[in-house]
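Only one chain is included here, represented as structure tokens and corresponding to the form predicted alone.
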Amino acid sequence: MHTNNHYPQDQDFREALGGRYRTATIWQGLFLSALLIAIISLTALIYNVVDGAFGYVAFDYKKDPAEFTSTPLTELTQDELITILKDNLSSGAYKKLENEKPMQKRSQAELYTLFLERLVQLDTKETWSMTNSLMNSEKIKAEVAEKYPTANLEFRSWLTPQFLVTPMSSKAEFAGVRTAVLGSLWLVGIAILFSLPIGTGAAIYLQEYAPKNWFTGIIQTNINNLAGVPSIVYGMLGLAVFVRVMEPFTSGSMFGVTDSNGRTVLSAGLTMGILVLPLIIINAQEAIKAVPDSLRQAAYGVGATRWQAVWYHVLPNALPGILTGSILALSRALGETAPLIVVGASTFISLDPQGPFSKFTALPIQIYQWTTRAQSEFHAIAASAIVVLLVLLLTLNATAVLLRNRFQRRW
């Protein structure tokens, strides 16, 4: 009886096998190329940011430091700086600084910064990137000597510990990101407190309790669609609902707060919570779905109710995935700018947020505001702020990995 053999034999087999290996090699090369392109792009991004945060700076003093002290600036002590500030600032300006933070409690670096900012007043002439500074050092020195003969030239790191603990200033040389970092942390805190319980609860219901019919199908489709809605749409929603409709609550007027309106850190945090809510629901559903059904059946077999099975078996095993997905979703909220602009974030504010009803700014807003300025020194501190934002994002991502490894259960 004749058998119809569909498999190649002998020479045909070797040719077919060689073709399969060639195809596999081509696809492997494409995948490797994609990986290399991604690595090169990320490296270029990081280098471009770091390149702006370091470099030569040519600066001069608007007032001669010798007018205030005969001691070299680097040798001034804390007590000497306090005396100089008290003698040369107006009584009102000194009292305001004293009320913000007592002079005796300020560090020598803080007092020195006040001395430069309020009395000597730095005048930045020009800045250079790190690459230009390293590659063309002699050329830059000659240029400064010709164009700014009285200026000082130094290689500066704009990203310093002082930069992290200093509030916003109209002078780039003295501006910091403390207020913006605190605002971002407030936003993330409010967003997670609002969205995590609601998102997890919705995921549990949709995955464990909701009947599989056309209605829940529509809900699921809309949740998936909402995850891809542009963030500025959520900003408009937050403006309409949290800033205007819920103003008595978000401004704190119903709690006795009289110096605020609806454009508060609470409104922005709730808007960010709405923005990441679909992502948290989807991630939590996937984590719950990944729990083996055999655990549920075993719980039912010993008499557990559905809620007991969910609470004692499903949730503990899904917790690593839920936490990881939620933190990664918050990483998106931390880098958003458009919703915050719509809701009413301040582009210039030097007061730290003291509560949910405070005015606020955030790191992305601060970076945006600095990059729109014409002066090169603002671009340098914008690059430094980007480094701070990247560190915060990486910290959140690392936290997600640690939580996943800490709570992950293997079966």
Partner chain sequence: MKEETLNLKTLETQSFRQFDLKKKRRTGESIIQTLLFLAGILSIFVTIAIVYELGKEAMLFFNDPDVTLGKFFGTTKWQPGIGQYGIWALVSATLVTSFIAILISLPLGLASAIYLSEYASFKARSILKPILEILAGIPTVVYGYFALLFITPILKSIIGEQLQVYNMLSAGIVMGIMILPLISSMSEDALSAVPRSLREAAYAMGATKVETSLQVVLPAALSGIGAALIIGISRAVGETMIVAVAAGSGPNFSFNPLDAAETMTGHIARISGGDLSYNSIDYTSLFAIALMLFLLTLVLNLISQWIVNRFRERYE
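Positions refer to the first chain, counted from 1. Since the structure is predicted, the reported quantities are computational estimates derived from the model, not experimental observations.
A second form of this protein, the form predicted together with the partner chain, is not displayed here; the remarks below concern that form.
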Query - Close approach of T337 to the partner chain in the model of the complex, 4.5 Å, heavy atom - result: yes
Query raised in the report: Quick one: does R14 come within 4.5 Å of the partner chain in the model of the complex, counting heavy atoms only?
Result: no
Query raised in the report: Is there a heavy atom of R244 no more than 4.5 Å from a heavy atom of the partner chain in the model of the complex?
Result: yes
Report task. State yes or no: in the model of the complex, is some non-hydrogen atom of V49 no more than 4.5 angstroms from a non-hydrogen atom of the partner chain? Result -> yes
Report summary line: Here the chain appears without its partner; judged in the model of the complex, the stretch of 300-308, 92-100, 79-87, 114-122 with heavy atoms within 4.5 Å of the partner chain is 300-308
Query raised in the report: From the list P292, P230, P248, G189, which entry has a heavy atom within 4.5 Å of the partner chain in the model of the complex?
Result: P230
**Report entry** Heavy atom within 4.5 Å of the partner chain in the model of the complex - residue from L277, V177, L330, A318
**Finding:** L277
Report task. Give a yes or no on whether every one of F163, M254 and L402 sits within 4.5 angstroms of the partner chain in the model of the complex by heavy atom. Result -> no
Query raised in the report: Is any part of 134-157 within 4.5 angstroms of the partner chain in the model of the complex by a non-hydrogen atom, and which residues would that be?
Result: none
